[in-house]
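Here we start with a single chain on its own, the form predicted alone, put down as structure tokens.
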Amino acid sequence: MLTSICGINWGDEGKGRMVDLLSSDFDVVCRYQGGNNAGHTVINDKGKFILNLLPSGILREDVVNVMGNGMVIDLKHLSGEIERLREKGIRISPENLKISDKAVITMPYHVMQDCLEEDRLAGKKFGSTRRGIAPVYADKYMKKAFRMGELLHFDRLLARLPDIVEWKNLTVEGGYHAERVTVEAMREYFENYGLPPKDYICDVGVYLNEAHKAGKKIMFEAQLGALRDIDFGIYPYTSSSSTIAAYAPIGAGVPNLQLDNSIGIMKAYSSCVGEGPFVCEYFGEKAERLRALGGEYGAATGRPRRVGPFDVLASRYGIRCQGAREIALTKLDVLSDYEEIEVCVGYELDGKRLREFPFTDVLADCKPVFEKVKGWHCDISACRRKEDLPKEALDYIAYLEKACDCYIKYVSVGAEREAYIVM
């Protein structure tokens, strides 16, 4: 059984919380793309955790976690993340964490290059997290990157290093006129942070294929959402990898396998970190109220998230991109303070009503079309059964289900692991 847990919108939908919850039914959890540029926040009986690189299944004792070849891995960040989890009593060993030998390494010069480019763009910046993600993916496809498996052949890696550094300085020093990258500093980086994870590195494709043959249940965990996908998102205000569920087996290391299910995660309202068009966006007091109620600040960066009402067009598009067969709706409890709830049911462009999510270039000219539905205006955080929810909350769920044409199976009514309802 292969299942993907994927974001329907701009990211920050609550995927980590749902992976932590649903992973109790799985044997293996795989991250298949992205790096430490986004965070999954998980709250359980062991405390509050923010995971940037490690799969969210790492918080369960009996789950094996895989970091796939589609990922880009900042070695220093990985070392710190592992150490912080161990300090909280989380067991991490080669038995429960396996890192693909084909995953690419994010280098310090990638982070520097990311910052230099955002600074150069100034008012036209993409809203990067400044963690080197775009430069490292660019180097991957230019065949100028280092891969995790090279740490197992350290002498050969060091032999490649001078040529790569010389090439990178054509951009860093020659293009940006920044401080030159040195071979010595990069060698020191590898020696300090590249040797500790060696025992976790393996051909994860072999492991996953054997697990699949043995009947193990495998979950694929995505970072960000459909609207941040490099192909189908709001390009160029996207991530640099594929966040789409169909990519999961490829990015995990098993391109020969096919998904059995795709579970989409979406919020009961909309949120967005970073730049780019966001048609349903609230401003002023309306934004501040919703942001405060939802605690909408980026897990990786701490940046205030842009917020707005639920966006039907964007969500329906995201569901189609992700091939989602069922939905987990998160943060329904956040809307409990409202007597009336707005929903963005469509866009207007040049006086015409759009029925489908449009090409990115015209989004800035689109105007949101809102409808209001009745709120429940009471606390639902203690609800654990469908029957516990007030009629207005059930009506809102049914409204979204019909508008998006997808079954809502799970509803989250709080951040804690047990604060959810199976519909």
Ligand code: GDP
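Bear in mind that the values here come from a model prediction, so they are computed numbers and not experimental data. Counting begins at 1, following the sequence as shown.
One more form of this protein exists, namely the form predicted together with guanosine-5'-diphosphate (GDP); it is left out here, but the text below deals with it.
Exercise for the section: Using heavy atoms only and a 4.5 Å cut-off, decide whether all three of 41, 331 and 334 touch guanosine-5'-diphosphate (GDP) in the model of the complex. Expected result: Every listed residue reaches guanosine-5'-diphosphate (GDP) in the model of the complex, so yes.
Problem - Close approach of residue 406 to guanosine-5'-diphosphate (GDP) in the model of the complex, 4.5 Å, heavy atom - result: Residue 406 lies outside the contact set for guanosine-5'-diphosphate (GDP).
Exercise for the section: Look up in the model of the complex whether residue 98 has a non-hydrogen atom within 4.5 angstroms of guanosine-5'-diphosphate (GDP), and give yes or no. Expected result: Judged by the heavy-atom cut-off of 4.5 Å, residue 98 is well away from guanosine-5'-diphosphate (GDP) in the model of the complex.
Handout entry: Heavy atom of residue 412 within 4.5 Å of guanosine-5'-diphosphate (GDP) in the model of the complex
Key = So residue 412 counts as contacting guanosine-5'-diphosphate (GDP).
Practice task
With heavy atoms only and a cut-off of 4.5 Å, decide whether residue 305 touches guanosine-5'-diphosphate (GDP) in the model of the complex.
Solution key: Contact with guanosine-5'-diphosphate (GDP), yes.
Problem - Candidate stretches 370-378, 350-358, 32-40, 391-399 - the one whose heavy atoms come within 4.5 Å of guanosine-5'-diphosphate (GDP) in the model of the complex - result: Single hit among the candidates: 32-40.
Problem - Residues from 1-39 in contact with guanosine-5'-diphosphate (GDP) (non-hydrogen atom within 4.5 Å) in the model of the complex - result: Residues within 4.5 Å: 12, 13, 14, 15, 16, 17, 39.
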